[in-house]
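One chain is shown next in structure tokens, namely the form predicted on its own.
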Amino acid sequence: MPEMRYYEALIEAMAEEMRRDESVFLMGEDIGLFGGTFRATEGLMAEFGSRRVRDTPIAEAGIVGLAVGAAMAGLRPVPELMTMNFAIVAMDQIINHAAKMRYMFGGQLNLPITIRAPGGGGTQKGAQHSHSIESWFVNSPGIRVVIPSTPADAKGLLKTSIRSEDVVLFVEHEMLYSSKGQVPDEEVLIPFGRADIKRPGTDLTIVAWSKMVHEALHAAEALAAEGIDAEVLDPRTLDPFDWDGVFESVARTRRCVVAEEGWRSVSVGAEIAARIQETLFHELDAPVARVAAVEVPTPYARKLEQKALPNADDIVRAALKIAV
């Protein structure tokens, strides 16, 4: 399997789907001639032209609104929002229109829209550009939320998203674009709702997604030095969620840490912890531990930002508290 960077895997996925299906087209700010803020559409305009790789004005509500209309007309738009926080500008289009139309029209139409959105903190973009707000969309029926942590998962899940008949929010952590990993030569479509065990273990399960998967893997190595064999489970999609996969892992290890970059209150991690304790109460040897960001607007100053965001050390500390 060749090794490639995360952003290169995204480019390859979009190029393959655009060659396969002429109804697939891209649109967003600076995605054409410039190749995207994070290089994730680099070279695609040269191959497919400006008709299918469309540079748009700085108008996120318009971008998503156009995608809704295009999908209703039979196309498969892949709009890019320059950062995840700009989805807030388009919340009416995403939540009130894209997510609800198929339901409100009784299934008479589909909206195959894949909204790509870079997110997460750690790049000193300040409080308005460092959001991990995937929980907002998990709490909105009608939207699939996909959040890959590796290049292979990014490619396989993006191809599945583009072929899906659903509205998909495809979240790409900004700190992962340059990360490398092996990507299969053959076509792989990763199904929604199927978690992946990134590291098997017997003593404790760490449930993490996006960049926190990598923090969890670092934490697992540190815990191994303490004699604790931690399993790292990546759900990969938050809607649909692989509850059976999580329950099976936690039932085996009997302990769990849920690690996310989002804020702690009313989060995806809160729901995971609640359901584990509801379902596996008698199998647990300790309460589910949680790791999340400090509940402040993400600071700009590097040292403060690092203090606010969770990391491997936080996961280790949480794991040690429940491992005895």
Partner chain sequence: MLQSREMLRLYRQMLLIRRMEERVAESYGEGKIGGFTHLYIGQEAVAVGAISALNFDDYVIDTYRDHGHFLARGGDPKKFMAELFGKQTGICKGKGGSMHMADVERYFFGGTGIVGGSIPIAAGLGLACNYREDDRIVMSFFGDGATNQGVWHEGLNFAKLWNLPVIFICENNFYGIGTGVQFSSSLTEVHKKASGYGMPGYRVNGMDVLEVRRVCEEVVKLVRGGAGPALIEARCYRYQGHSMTDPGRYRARAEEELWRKRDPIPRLAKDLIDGGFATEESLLELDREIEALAEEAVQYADESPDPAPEALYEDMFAVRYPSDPHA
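Residue numbers count along the first chain shown, from 1. All figures in this text were calculated on a predicted structure; none of them were measured in a lab.
What follows is about the form predicted in complex with its partner chain, which we do not show.
When its partner chain is considered in the predicted complex, Gln277 lies well away from it, no heavy atom lying within 4.5 Å. His97 belongs to the set of residues with a heavy atom inside 4.5 Å of its partner chain in the predicted complex. Not displayed here, its partner chain is kept clear of Glu260 by more than 4.5 Å at the level of heavy atoms in the predicted complex. When contacts are judged by a 4.5 Å heavy atom cut-off, Ser23 counts as touching its partner chain in the predicted complex. A heavy atom within 4.5 Å of its partner chain in the predicted complex is found for exactly one of Ala273, Ala61, Ala293, Ala286: Ala61. The contact residue chosen from Asn139, Ser179, Asn110, Thr123 relative to its partner chain in the predicted complex is Asn110, the criterion being a non-hydrogen atom within 4.5 angstroms. Screening 212-220, 100-108, 249-257, 169-177 for residues having heavy atoms within 4.5 Å of its partner chain in the predicted complex returns a single hit, 100-108. In the predicted complex, its partner chain lies within 4.5 angstroms of at least one heavy atom of each of the following residues of 61-89: Ala61, Gly62, Ile63, Gly65, Leu66, Val68, Gly69, Ala70, Met72, Ala73, Gly74, Leu75, in sequence order.
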